[in-house]
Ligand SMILES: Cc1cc2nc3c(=O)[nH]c(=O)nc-3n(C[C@H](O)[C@H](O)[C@H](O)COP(=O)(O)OP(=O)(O)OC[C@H]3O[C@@H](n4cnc5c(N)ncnc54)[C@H](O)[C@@H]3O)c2cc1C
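First, one chain by itself in structure tokens, the form predicted on its own.
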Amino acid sequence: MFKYDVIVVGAGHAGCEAAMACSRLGAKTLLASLNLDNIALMPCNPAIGGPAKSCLVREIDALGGIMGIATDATYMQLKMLNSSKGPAVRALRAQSDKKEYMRFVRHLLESEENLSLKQCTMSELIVKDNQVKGLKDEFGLEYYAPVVILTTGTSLEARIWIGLQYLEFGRLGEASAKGLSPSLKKLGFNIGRLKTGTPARVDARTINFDAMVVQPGDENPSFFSFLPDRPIRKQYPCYLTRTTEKTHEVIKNNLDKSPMYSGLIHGIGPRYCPSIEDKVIRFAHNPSHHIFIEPEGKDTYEMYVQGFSTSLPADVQIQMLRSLPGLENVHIMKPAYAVEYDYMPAVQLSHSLMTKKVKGLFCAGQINGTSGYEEAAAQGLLAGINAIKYLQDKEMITLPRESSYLGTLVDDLVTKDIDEPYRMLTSRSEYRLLLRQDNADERLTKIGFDSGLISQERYNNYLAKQKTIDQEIQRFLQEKISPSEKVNNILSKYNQNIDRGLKLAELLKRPNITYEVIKELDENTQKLGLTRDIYEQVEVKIKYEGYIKRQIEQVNMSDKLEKIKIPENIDYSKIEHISTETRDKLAKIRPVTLGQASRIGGVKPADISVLMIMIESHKIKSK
């Protein structure tokens, strides 16, 4: 018999964050994986970040997770996307060295004295009286723990498709996980089926890069972790090519060989990351689509064909790829494929990510219906923190939507019936001007510190940073700059001028004027020598002050509904004046607050009014 405090099943990005958090917080933890050589594997593109996802990585770092640190240590390219747009949509993206990232994370895991690694297939949950007790592996060995975190990715009862052929794999070369899905069904959980896919990998030595557009990284890069002194590394370019008329012709002529279009795959695929055949059919008016050629690592010739996922047969894939400019003689190292797998709709979880049916059983990552490394890692970290809270019989963390993209992600998962892989988008948040990547530490470092994952030293550094930001804002609100020939000559470069003394904050609010411009004009600003991570927040807070205030007012209004708790023992079937469909949805999800109830799909404002009256009536009866 093997005894632990916590068992984490699956060593992808969710599992690694969960296991690290539990171990660092003092729990004797087991991390079980189908293949220990694939710890922290990026089975799709070895890239971290991008729109909304970069916010998740910064939030993970602010809470004390490892993804940001690992990405900064192993990047091949760093690029700020949407840099010319507003701060709410700016997004850092890294192209990582896949193998180096995996080695870095594995080293972190193996350095944890409370953490053990085990290669096995966990095939059955041990549950008694609606409380998880542990797991059995494929050999019948039993592992006991009062907490189990499932982070199984795309492995459950999985099969991959290449053309009309399928293999019982979760990913190319890795076995499908058998047994755990039937075990969950036996316990009364609803299990669904989803699909995702990945493009081919090609040999860089067979690519004509001169026929493509070079996509370099940033000369002065930003980083994911809020820790100081991030490593400066050599950057490698990515490349841009496009599909052609010939590409589209090959795809259309072979649709009958696609398992998706033949009806062999029943799982629903990701809407926001469609296969190339989906793009060609759904966007028939578009004569061409962008395709990015990106490195998998600095010590390999393997390249990733971003935007070209497909499940068409291998011979058709060769024709498709060789129709792209620069890939006329390309050699495929690994074919593209689609993967179909079981997942557990997250409406069966609470906001803590613990299941409602079985106490001590948590789920995080793609088993909850999400897609993406960042979404998985963020959930894994939250599940790990809450697993320890549960063990200690303390109140678990539930992050509100206005606190973070992680809070938005979890609320969407547990409140809405999601029947396709969920991807984090900036548009999913009502408060995206508050939830910027630059201020994730301001929003979440205190929670990370209180949870025990942020050290006292790091917390003190955070407090010092916030104090500097506040002092600089106050200085900008007080100090003035006077008109002069020198000042207006500089301002003319930015289509501005002044004819009277202006406070620095007033000038900063003007179009085209940034903190860097103020440095050109003001000696005091130059002398302070503030780092970019500080002055960027100063700039955003001053420049967008009115918009930020308006969004805070929105938060305060919605907070009223969040504070109204719905009685746990409420019988929705007896509530009159709401539709049967609404009653069924409320009974299925069992929202905790009126705010959560208002976000359930199909629940109308009139239904919320009925619920509010019912809650008041319930309070009177209780008294």
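We number the residues from 1 along the sequence you see. Remember, it's a predicted structure, so these values are computed and weren't measured experimentally.
Although not depicted, the form predicted together with this ligand is the subject of the following passage.
This chain lacks the partner; the member of S404, Q437, T198, T415 within 4.5 angstroms of this ligand in the model of the complex by a non-hydrogen atom is T198.
Shown without its partner, this chain lists C44, I578, A27, L586 as candidates; in the model of the complex, only C44 has a non-hydrogen atom within 4.5 angstroms of this ligand. Screening 95 to 103, 257 to 265, 154 to 162, 353 to 361 for residues having heavy atoms within 4.5 Å of this ligand in the model of the complex returns a single hit, 154 to 162. Taken together, A11, S33 and G372 are fully in contact with this ligand in the model of the complex: each brings a heavy atom within 4.5 Å.
Taking the partner from elsewhere, T525 is found to have every heavy atom lying beyond 4.5 Å of this ligand in the model of the complex. Remark: G170 counts among the residues lining this ligand in the model of the complex, judged by a heavy atom distance of 4.5 Å or less. Although the partner is absent here, C273 is a contact residue: one of its heavy atoms lies within 4.5 angstroms of this ligand in the model of the complex.
At a distance threshold of 4.5 angstroms between non-hydrogen atoms, Y337 is in contact with this ligand in the model of the complex. Along 164 to 182, residues G170, R171, E174, A177, L180 each place a heavy atom within 4.5 Å of this ligand in the model of the complex.
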